[in-house]
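Included below are C-alpha cells for two forms of one protein chain, each presented in isolation as structure 1 and structure 2.
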Structure 1
C-alpha cells in the first residue's frame, strides 16, 4: 500500500552574522508522509535542496535535547514533532532558532549563558567534609525520599523552557527554569548537606524574578514542570529564612492581605512589600494613582463568605489533613 504524501511548506529562519546584514526566511516545499519528524524534513532539505542549512542535532530520539528549536512559535524538539499536526493547525511550518540566545548561524544558538546559569546553582552534591561517603557502598533511599525528586530527573537540558521564558528575556539575572528545577533536585536530595545554604543563596540570586507565567512548563517536552518546582523552592526558601527580600515579602504580604478580608488592599501590600521607606519612595506615583482612583484609599470591607476563603487557606497550609 502506497503511503499518502502531503505537500509541506517550511519557512526556515536563515542568518549568518558573518555574511548577512539581516535575518531572512527561506521557503522550501516537500512532499512527505504526515508522520515525518520535522528533524527528518530539515535533514532532507539539507541533503537534497540546500546544503548550507545549519542546525544542531544528535540522538534523534528525544534524549539529547540538541534539536530544540521554535516550531510555529513554540519551543519543541524537532525529532519528535511530526509535520502533520503542525500543517493541520497552521497550514505551514515556520522554523526558527531558540529564543533568549544569540544566533550563531541559522538554527544554531550560543548556549553559553544557559550553561553559565546552570553552573551558578552548583549542580552537584555538596557533602559534609566531616562525614565522607563510605567508599564502595551505596547510599540507600526510601521510596518517599525518591518521590521528592518529582519529575526533575527527566530533564534533558534541551533549553526549551529557557527559550520560552519571558523572565530570562527581561532580566539576565534570572537563572532560568531549568537551572532552578535542577536546584530543587539537589535541595531535596537527602545526601546533599548544603540544602539550607542553597535556599538562602537563591533568595537573592534570581529566584523571585520568576513571572509565574508557566510557559516553561508548557514548553517542556519531558513534563518536568519547572514552574511547579520554582514554586516549591520559593516555599522552602521562605520556610528556611523567612520573607527577607522584596519578592518573598510581596508573596507573603499578598497571601496575608487576601486572607484578612478576601480583597486586596493595594496600599497595604506596598507597605508589606517595601516597608515604610519603600512606601515613601513611591509616594509620587501613589498620589497620581489616588487622583485617578481615589477609592484606593478606602479600607476594603470583608467579603461575604470569608469563611470559605479561610477553608481554602487551611487546605493549602495543611494539604495532608483529611477533608
Structure 2
C-alpha cells in the first residue's frame, strides 16, 4: 500500500552568529507522508538538502527533551509533532529555536542559564544527617505521599515552559517554571528534610514573579502543569513563613481586603501591599488615574450577605500546615 504524500513547506530559522549578519529563514519543500514527525523531516532536510542545518535531538521518542523548538510559534517537541495538522492549519511550517535562550546556531540554543536556574533550587534530596537512609533498603511511601508529587516526576527538562514564560523573558530574577515545578517536587518529598528552608528561600528568589498566566502549563508536552504547582508553592510558603514579601503581602492583603466588604477596595490594597512609602511612590500614577476614575478613592458598599462571607472565612481561613 502506498502512502499519500503531502507537499510540505518548511520555513526554517537559520543563524550562525559567527558568520551571519542577521538571522534568515530558509525554505525547504518536500513531499512527505502526513504523519511524518517534524524531527524526521528536519533530519531528512539535513541529510538530503542542506547538511549545514543544525539542531539538537537524541531519543526521537519524547523522552530525552532535546528537540524542543517553536513550531508555528508554539513550543513543541519536534519528535512528537506530526506535520499534517500543522500544514492543515497554517499551510506551512515555521520552525524556530526556543525563545528566552540565546541562539548558538540555527535551532540550537544556549542551555546554560536554564540549568543554572535549575541548580538554584538545589535539585537533590537534602537528608537529615542524624537520620541516615536505612542501608540496603528503599524508603517506603504511602500512596497519599506519592499522590502529593502530582505530575511533577514526568518532567523531561525540555525547557518548553522556559521558552513560553513571559516572566523569564522580562526578568532574570525568575527561575522559570521547570525549576519551580522541580522545587515543588522536593518540598513534598517526605524524605527531604529541607522543605521549610526551601520555601523560605524561594520567597525571596523569584517565586512571586510568576504571573500565573498558565503559558507554561499550555506549553508542557508532559502535562507537568508547572503553573499549578507554583500556586501550591505560594500557599505553602505563606503557611510556613507568613506574608513576608511584597508578593505574599499582596496575596494575603487581597484575601483580607475581600473579607471586609465582599468586594475589593482598590486603594486599600495598594497600602496593604506596599505600605505607606509604597503608597507615596504610587501617588503620581494614582493621581493620573483618579482624574479619570474618581471611584478609586471610594470604598465599595459592603455586599448583601457579607455575614455569610465572614463565616466562610471563619471556617476555612486557617492555612494548611506545611507538609
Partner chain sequence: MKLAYYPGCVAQESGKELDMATRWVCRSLGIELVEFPNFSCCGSGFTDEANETLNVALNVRNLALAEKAGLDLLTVCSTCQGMLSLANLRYQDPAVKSRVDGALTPLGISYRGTTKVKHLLRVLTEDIGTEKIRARVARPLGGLKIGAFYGCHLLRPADELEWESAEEPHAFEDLLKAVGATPVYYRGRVMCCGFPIQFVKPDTASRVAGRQIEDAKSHGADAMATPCPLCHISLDAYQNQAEEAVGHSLDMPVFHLPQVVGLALGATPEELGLGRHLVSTAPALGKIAAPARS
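Definition used throughout: the rigid core is the maximal C-alpha set that superposes within 1.5 Å between two forms. Numbering follows the first chain given and starts at 1. Since the structure is predicted, the reported quantities are computational estimates derived from the model, not experimental observations.
Matching each structure to its source, the form predicted together with the partner chain turns out to be structure 2.
The Cα shift for residue 13 between structures 1 and 2, taken after rigid core superposition, is smaller than 2 angstroms. Relative to the superposed core, residue 309 moves its CA by 6.2 Å between structures 1 and 2.
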